[in-house]
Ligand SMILES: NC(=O)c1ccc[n+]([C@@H]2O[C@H](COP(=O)([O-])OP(=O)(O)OC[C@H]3O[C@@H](n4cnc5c(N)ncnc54)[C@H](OP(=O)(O)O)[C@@H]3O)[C@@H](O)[C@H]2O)c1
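Only one chain comes next, encoded as structure tokens, the form predicted alone.
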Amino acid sequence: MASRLGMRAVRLATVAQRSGALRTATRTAAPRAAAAVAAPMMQQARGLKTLNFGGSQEDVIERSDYPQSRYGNIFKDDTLCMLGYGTQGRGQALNLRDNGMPVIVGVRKDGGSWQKAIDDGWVPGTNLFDIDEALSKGTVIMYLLSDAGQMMAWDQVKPHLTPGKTLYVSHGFSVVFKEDTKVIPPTDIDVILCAPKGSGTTVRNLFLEGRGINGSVAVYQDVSGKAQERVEALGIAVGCGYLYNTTFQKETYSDLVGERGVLMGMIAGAFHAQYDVLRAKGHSPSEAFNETVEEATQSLYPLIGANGADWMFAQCSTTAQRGALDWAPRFEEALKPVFEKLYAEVENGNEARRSLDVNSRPDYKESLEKELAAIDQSEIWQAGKTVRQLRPENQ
């Protein structure tokens, strides 16, 4: 199939991207100083507030609704305290800083994140502090530790959540599953959520390109009467290009299902299943990988991203079209019960409890490294390393 699509498909994806919504992207890895100026200016205004999503009308918040002057004014009297400097915390904190927001970072001095923050230009005693000092200075506590980390650090954080402050999260997990995490916010503060729909690395990279990832926002408690405006403003300030409204529970459920399903778990399992069948039938590792992963990620998935699955089908040979259209319902029929079971396990809290249990074990990092090493050393991903080296851009 690769020979039938070839570079034509890649060129089509490129043309579609350049002529579509990404047309205004700078696509340059600008220095932070340039990003601070360029990113707020790249306002992709559609002039619409309510859009049709497959027959359903939904309100959408756009970057043009909150220019830098507006969100800067909303938080002019605040100090945004970023707790956690993993990929999401780092990406959002750097974007906030480049957008001129009053942000500080709070991490343990004896952890690896402290030096990482210094390397990124955060200055100890000025905008980089240990957790307790940062908490004492912050008025908006941006709680971006891992879900298990939020559970373990809650007793340290909660005393600083005094009236007038705001608790900000990027995943509703800890609050939604409060019976297990014991993360129960005080009733006299605003509690808000902005969930960029991608890794923190993507949040940062798209910001530097002058683009913006999509995100969802939600309000759990509105004590100030301004929580909705503030979360929308923060969503744009951290690097989102447009935002949808949701609830803490819906964001949490959809996120957990998505990560375990088509975003990560299902697709990884599908890659292995097809690769193993091809190898068992005598296909070489290079051929099995190319027909399973390389063509998907380098040719077909970008076409779907550009204009949808129907458009991708239209760019393929008639043989490929027929096969995809005939077999898609069979995979849907086989997988739907798995997704129903997955959603039930998320809804009843079993997935949350398993995550909290495993991820809070003292040897979690060591166990994780072994699991990731096993994936890395598997034939499919070893073959992938060789295939990626052959890409012209990697020569």
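Counting begins at 1, following the sequence as shown. Nothing here was measured: the structure is a model prediction, and the numbers come from that model.
One more form of this protein, predicted in complex with the named molecule, exists but is not displayed; see below.
Out of the listed residues 216, 298, 181, 113, 113 is the one that sits within 4.5 Å of the named molecule in the predicted complex by at least one heavy atom. For the options 127, 146, 221, 315, the residue carrying a heavy atom within 4.5 angstroms of the named molecule in the predicted complex is 146.
Note on the interface: of 287 to 295, 151 to 159, 307 to 315, 321 to 329, the segment with non-hydrogen atoms within 4.5 angstroms of the named molecule in the predicted complex is 151 to 159.
Contact check for residue 171: a non-hydrogen atom falls within 4.5 Å of the named molecule in the predicted complex. Remark: residue 87 counts among the residues lining the named molecule in the predicted complex, judged by a heavy atom distance of 4.5 Å or less.
Using a 4.5 angstroms threshold between heavy atoms, residue 196 counts as touching the named molecule in the predicted complex. Proximity of residue 108 to the named molecule in the predicted complex: non-hydrogen atoms within 4.5 Å are present.
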